[in-house]
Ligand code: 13P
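Only one chain is shown below, in structure tokens, and it's the form predicted alone.
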């Protein structure tokens, strides 16, 4: 697969009015979600939950792709159809989370590095044979006093670049995700400075590793005050600060940017995306790659009666996809959603 093929897939991922659902929670993470709604976390309940999401009628109308966990990429529906085949039939690109999570960064207490590069080349080859068309790797940047360190930013961006180069070698579009966490008391200006520094380091690293930007997607965090900050910015301020940051640090050659919801409420994540698109035009399409902001309400309803509530939960998934698809066009309104 050459760069034109990767660029075509990347453009499909940010097609107008479409975004990506992230259902790539590790078994450990989804157990926490299931515990919160009183469901036992087993391979079968995880499979049934992902089946509910991926068989939502009309899924491809507002979703271009879905990020899966390793287990999910290998699973099938109850009637024996591979999830990947169900997605293809709906026009939804299969993606795969390939990092193995974060650990403490040695020498820098309170900071993290993402692991998973060992053996990645061979894993990517297998993921391609299983039907994946893009991949995702998440780095985590925390803000606190004297944090993040330059070493933390550079180490994580170096790992993202190595991952991205391996993806392109294997024929997968790399989604690079340097998440700046909302945790903390920092103000929106501090978040802006850290996010811009992180993105500048990321694109320097991608350039140094000969990653072709036309065949990548950026998964970005929005510029927000820490959740414990007394002064929270309104929707327009968040949109403006995020756009100023992106324009300063993200090359126009990038085919598109998808945002993570990162602890925001469902409606706030949608409203922020909508506001940014109403402030266009921009050098790149701006869309979404939401996890909890796409799933939370549906999970709560589904969990009340797994056998009986599938269709009702799917209606919620479809509605959230439609609302965020409208926000990716700058055409969402809170009144219409209500």
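All values reported here derive from a predicted model rather than from experimental measurement. Positions refer to the first chain, counted from 1.
Omitted here: the form predicted together with the ligand. The next part is about that form.
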- Query: Can you pick the one in 262, 171, 226, 256 that has a heavy atom within 4.5 Å of the ligand in the predicted bound form?
  - Reply: 262
- Task: Would you mind picking the one in 317, 22, 14, 328 that has a heavy atom within 4.5 Å of the ligand in the predicted bound form?
- Result: 22
- Query: Do residue 50 and the ligand come within 4.5 Å of each other in the predicted bound form, heavy atoms counted?
  - Reply: no
- Does residue 302 make contact with the ligand in the predicted bound form, using a 4.5 Å heavy atom cut-off? no
- Task: Please run the contact check for residue 62 against the ligand in the predicted bound form: heavy atoms, 4.5 angstroms, yes or no?
- Result: no
- Verify the contact flag for residue 46: yes if a non-hydrogen atom of it lies within 4.5 Å of a non-hydrogen atom of the ligand in the predicted bound form, no if not. no
- Have a look at 238 to 246, 85 to 93, 188 to 196, 133 to 141 and name the one stretch with heavy atoms inside 4.5 Å of the ligand in the predicted bound form. 133 to 141
- Query: Judged by heavy atom distances of 4.5 Å or less, which residues of 210 to 246 approach the ligand in the predicted bound form?
  - Reply: 219
